[in-house]
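We've got the same protein chain twice here, in two forms, each standing alone as structure tokens: structure 1 and structure 2.
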Structure 1
């Protein structure tokens, strides 16, 4: 276990409880992402692990050493900041070597290590430049290089890609994934971008209001969310929530039984259905009927927004049911359609607590 966090809590001076008792174990070489909306405590958690904030409660250990009260510089971690935080008055090379020379390494040796890392990142030609003379993407690489050259036990990355434009961001995302698969250095990555989290991570920890909602691999997070918060936060366009009923171990919706959507118990239940699990059929033949009100093209797929007919109170919180349709499938705004569900992939949640009722 590289990083282990026990009952970690942080309350700021103004009374804000940013982190409220977090337990996390991050394995050697694992890429773990802290994902959540702004203000959920993900950055604070990262800063606590880095040592830039002092925890109110709890403990942090890195490589089996308790580092809770140890200076950031002695924790053997390296951080990549959202703003890159390069030293503006130093060249890229000096930026990369400062941490090494402070640690007692000779200048020549440090420069050699920095050159080696720079080659890996394709920035060896930029080493003599100062940050002001570098583009956004180049600064990003230097910041990454500064973290890598120290060969730390763990990388801490705080939304490192969010200042790049879309193309560069996708490129760097792939690059990060490649680097991680080559070197397998334990990484804790903070982002609010779910696509980034799902693409990069071995495991994703979804946070809300300072607590962990679910820690799991990206596919489980998407397919079997632990509660309605995770279900709603992950996925774009958002999951559909429907009001249904549990009877004899299976979900009922608009009087129809979804045999494969199973959970123990009986009574009202919330169904979570991803847009791609909504199936459009001929009117009258499916679970409910509806009218396509408008569409949003997403490239390969088109999202059809359907208002259900004769099914009052079916939808929770929203007015439309989103269905993902292949771009080549003909759909018409105003058309009447039948709506069915891929029942085996429907998630069932407790109406009161929002927790998942599926056992897995």
Structure 2
């Protein structure tokens, strides 16, 4: 199933403009994630596609058929909500089969389909329990199974894993990825969790204040963000922003030329450097010197937070430069270090607009 939205907009009665002229084309079998902070319009966009909200402007097409004014039940989509929305007086099996039997399928056939779906999700032993006897993770899998058992042409998922603990969320993320690769059902997924988006998606659409900032595959979103908002929102720890200048097309930091960090023109520029692209060297041998003020362990790496020395005004909206260091590399708090950069991986942004100066 293909999904296309054109100039989609939604303004609520209180004047809130939740969605502002969104254009999106989702291919058949694609897993596309709507990613952004709370209030950016991602859930409203999903509800518009589902037919649970009416657009103020624009159109929605499914398989090239205009469904803008068609009832939700006639769109052949299944929505999985953040809340479980299970009927408490029904067993898991009854919750999963209700939509099928209401649609005219026999109870025996519906039960067979539900049990097959339950096996995929690892909940076949829970089918006779009611929601009160299920854990949060089990309820979420039943809710997911209720959508899957319908065999819809498109899944719409609104933060379906947000109520799970970390371990269960990681497991369900893997299961969702496996199921999508196996069945290739078109999926539109909403989350504010960047790791979830990058792991699951074929493409990611980053939203902010009701508009799309960038749509691209996960690697491009991370390595070549379209603007400073995307660069800052994606990545943990956050990207480093530095004040620099372009001179004859090459970036300059603290008077040192980064020959491989290039963009057309001259003048002030914002440099974006991921922590893993910051290189610690001997003092006096790199672009700038700094002092390690404190560190944070991140599993296999340690993030060193460095205060630049003799480089006033270098950092933009930050007090420290973050560098990702292998956990086995010896570093000491209070140590003076040289700081260099992998210039070919540095992003360059327009100071005024925040837009990328690099062509993807």
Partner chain sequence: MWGMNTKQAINLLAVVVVILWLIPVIWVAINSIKPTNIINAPIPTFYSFTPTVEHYIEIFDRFQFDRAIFNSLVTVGVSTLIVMILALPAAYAVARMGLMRGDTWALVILSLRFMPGVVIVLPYFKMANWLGIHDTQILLIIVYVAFGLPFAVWILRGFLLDLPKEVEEAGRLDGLGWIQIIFRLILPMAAPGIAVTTIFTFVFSWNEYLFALFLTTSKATTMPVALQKTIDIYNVLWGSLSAGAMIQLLPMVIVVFLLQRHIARGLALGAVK
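Between two forms, the rigid core is the largest collection of C-alphas that superpose within 1.5 Å. Note that the coordinates shown come from a computational prediction; the quantities given were computed from them, not determined experimentally. Residue numbers count along the first chain shown, from 1.
- Structure 2 derives from the form predicted on its own, whereas structure 1 comes from the other one.
- Remark: with the core as the superposition reference, the CA shift of residue 88 between the two structures reaches 2 Å or more.
- A displacement of 2 angstroms or greater separates the C-alpha positions of residue 125 between the two structures, with the rigid core held in common.
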